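Below you'll find only one chain, the form predicted on its own, shown as structure tokens.
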């Protein structure tokens, strides 16, 4: 997993930001969407964002281990918004959430389009929004019209 933006404050006295994990069946897609979202979030520090794409051996698929690792890495105590690309990624995250202790407290599976939702989530999280507001911002991306 290559870091995109996981340099947000970790000290107890610092601002707690919502972390964002982007899950795709492809490591390249997850990494590219993470770079795009952080790049479009503007200058300065952004909320912690990490991709969790593909399988540990570099293949296509989803990995519960990679998702959990990324979620713990971006956790700053304000929750973690997890966005996914396709059906089995949804199942992977739902299974981790059902376990109860695999993902950080306050982790949420967000029903949003991956690219537009990621941009909206990172912008909202970087502005200090709570996990509910980050999820809403990402979910509202379904309403973005292109024509």
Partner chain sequence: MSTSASSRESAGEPVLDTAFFHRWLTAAAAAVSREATRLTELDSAIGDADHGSNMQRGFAAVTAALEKEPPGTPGAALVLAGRQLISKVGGASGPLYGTLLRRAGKALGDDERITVRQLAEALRTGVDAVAQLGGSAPGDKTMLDALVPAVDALAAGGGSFAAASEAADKGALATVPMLARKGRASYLGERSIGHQDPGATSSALLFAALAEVAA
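Just so it is clear, the model here is predicted, and its values are computed rather than measured. Numbering follows the first chain given and starts at 1.
The next section is about a form of this same protein that is not shown, the form predicted together with the partner chain.
For the chain seen here without its partner, which of 117-125, 45-53, 27-35, 99-107 has a heavy atom within 4.5 Å of the partner chain in the predicted complex? Every other range fails; the passing one is 99-107.
Would residue 91 show up as a contact with the partner chain in the predicted complex if we use heavy atoms at 4.5 Å? Taking the distances in the predicted complex, the answer for residue 91 is yes, it comes within 4.5 Å of the partner chain.
Contact flag, residue 95 vs the partner chain in the predicted complex, heavy atom cut 4.5 Å: Residue 95 belongs to the contact set for the partner chain.
Within a 4.5 Å heavy atom cut-off, is residue 64 in contact with the partner chain in the predicted complex? Looking in the predicted complex, residue contacts with the partner chain include residue 64, since a heavy atom lies within 4.5 Å.
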